[in-house]
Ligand code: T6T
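A single chain, nothing else alongside it, follows as structure tokens in the form predicted alone.
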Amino acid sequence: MKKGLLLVMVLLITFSMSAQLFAGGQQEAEDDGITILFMPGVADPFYYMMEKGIREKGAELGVNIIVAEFPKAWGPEVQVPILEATVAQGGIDMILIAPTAIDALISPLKKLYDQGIEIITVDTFLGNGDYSVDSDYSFPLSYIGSDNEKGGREMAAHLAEMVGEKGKVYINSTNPDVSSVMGRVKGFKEGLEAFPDMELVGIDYNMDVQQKATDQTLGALQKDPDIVGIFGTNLYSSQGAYQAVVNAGLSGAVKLATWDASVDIINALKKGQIDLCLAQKPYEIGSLAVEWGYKFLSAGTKIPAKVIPGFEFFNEGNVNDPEMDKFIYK
């Protein structure tokens, strides 16, 4: 009887130890999984679409996705504290981030990189974006986002066509130290050089405040009432500029070339209040970032220094086409 009881006790202890080892092995396997953090630039439809692409690709590949709090305003002073607080929770293997300035994010991101966290910049980049050349900002693995200079040149050509290749044009932009809009302005200016009868009469920076974009655009129209075309370089610039044109009663008379396909922008295009909209592909940018990040972390696959999805143009002719619906930021 005693021997039987002893045997049962030994079996119970063995089973308990095995169960603990198995559970520990499971926990260890979970801890070895890949965790990627997404740090957006600001709370807007573009980054919400990017988050959707990130989450869905992460679920497909079995990657643990953490999304930081969306900043309520644009700028390093808002973004960096959120980033650092989120990373401090631990367990991050890679950060996908839209830097809110070309220079001010270098030091905070380099600090995290030196702790062993890999970096991919999405939508915006550090420095001049050339991570293939050794510099103090060449530590990110890749920039994944639009070719903004190309987009700016194409917007200039489209706007020139809409205004008969002559007349005054105005730019409303956001921040003078953010790579994406800097590229768009640079490309637009280069594109205008092909049209000698067109003149850029001004550029304002609204710091991602839509009402400020509206006020600035109204001011530009009052200063130069013969403006024939306006380029809005991002969501807030575009929405603010078109509202100013509507308020001034100039819809149709002043042609509007806008960047970023929010629902509001597309509805305005359908009403004839906007003439052209460039749609980036934020969902694809997010999906590609996770895919390449996973390949690097799981297999050491080298990531191209730049991964550039294309973009699409909405106009009066295709804005109601069901095939274009997937490019709207929802």
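This one's a predicted model, so the numbers in the text were calculated from it and none came from an experiment. Residue positions are given as counts along the sequence shown, with the first one as 1.
Although it is not shown, the form predicted in complex with this ligand is what the next lines describe.
Peer 1: Among Asn234, Thr121, Gln79, Asn206, which has any heavy atom within 4.5 Å of this ligand in the model of the complex?
Peer 2: If I apply the 4.5 Å criterion carefully, the residue I get is Asn234.
Peer 1: Quick one: from Glu291, Glu284, Glu51, Asp44, grab the residue that has a heavy atom within 4.5 Å of this ligand in the model of the complex.
Peer 2: Of the candidates Glu291, Glu284, Glu51, Asp44, Asp44 is the one lying within 4.5 Å of this ligand in the model of the complex.
Peer 1: Looking at heavy atoms inside 4.5 Å, which stretch does this ligand contact in the model of the complex, given the options 159-167, 210-218, 178-186, 248-256?
Peer 2: Among the candidates, contact is made by 178-186.
Peer 1: Is it true that Trp74, Asp260 and Gln280, all three, sit within 4.5 Å of this ligand in the model of the complex, judged by heavy atoms?
Peer 2: All three within 4.5 Å in the model of the complex.
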